[in-house]
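Presented below, as structure tokens, is a lone chain in the form predicted on its own.
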């Protein structure tokens, strides 16, 4: 890693902590700079402002998640195990990165620039990964042909997003995310599969 990239990485890591602690609106660039160990002006060599920092955090962390999800999916053989692996990977990622989860679930929604102007590829890539699994299951005859992949992928994302948000809001002491992952997988798989008997047991791959 170059010195230039090292500074950028430090800025992003510091921003996650500051956004989680102070909130996006209350966070100051000077606080991020202090946490990263750089001068205030150095921030603007890499980012135009707080919104761009926030979007960069999202893009880079989503890229890591997608890579991990691909690895978990590839290790599973059956389509129901692949979908279950994806769901577990999502909520495990939330559980293992609580500050980042807070930034994604709460602070990201405070950025007007993200809401109105975000055109990055990572969210689409995330959704398309789910859609590809649905389509694969349909080709195998496991998932009902009348299920629309575009609707299914948004339904799964919506469920995972809501559970993650509640976990963050309730200070992570009310939800067992692994148990939630199994229940979400069971509810979805029992609703979309042709052979529901194969879904019994709820065991993770």
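Residue numbers count along the first chain shown, from 1. Worth saying up front: this structure is predicted, and the values here are computed from it rather than measured.
Form predicted in complex with the DNA: not shown, discussed below.
Chemist: Do residue 153 and the DNA come within 4.5 Å of each other in the predicted complex, heavy atoms counted?
Modeler: Residue-level check for residue 153: no, no contact with the DNA.
Chemist: Counting only non-hydrogen atoms and a 4.5 angstroms cut-off, does residue 158 reach the DNA in the predicted complex?
Modeler: Residue-level check for residue 158: no, no contact with the DNA.
Chemist: Do residue 38 and the DNA share at least one heavy atom pair within 4.5 Å in the predicted complex?
Modeler: Answer yes; at least one heavy atom of residue 38 falls within 4.5 Å of the DNA in the predicted complex.
Chemist: Quick one: is residue 166 in contact with the DNA in the predicted complex, heavy atoms, 4.5 Å cut-off?
Modeler: Residue-level check for residue 166: no, no contact with the DNA.
Chemist: The DNA isn't shown here, but in the predicted complex, which of 55-63, 138-146, 25-33, 176-184 has heavy atoms within 4.5 Å of it?
Modeler: Answer to the contact question: 25-33.
Chemist: At a 4.5 angstroms cut-off on non-hydrogen atoms, which residues of 42-59 are near the DNA in the predicted complex? List them in order.
Modeler: Contacts from 42-59: 42, 44, 45, 46, 49, 50.
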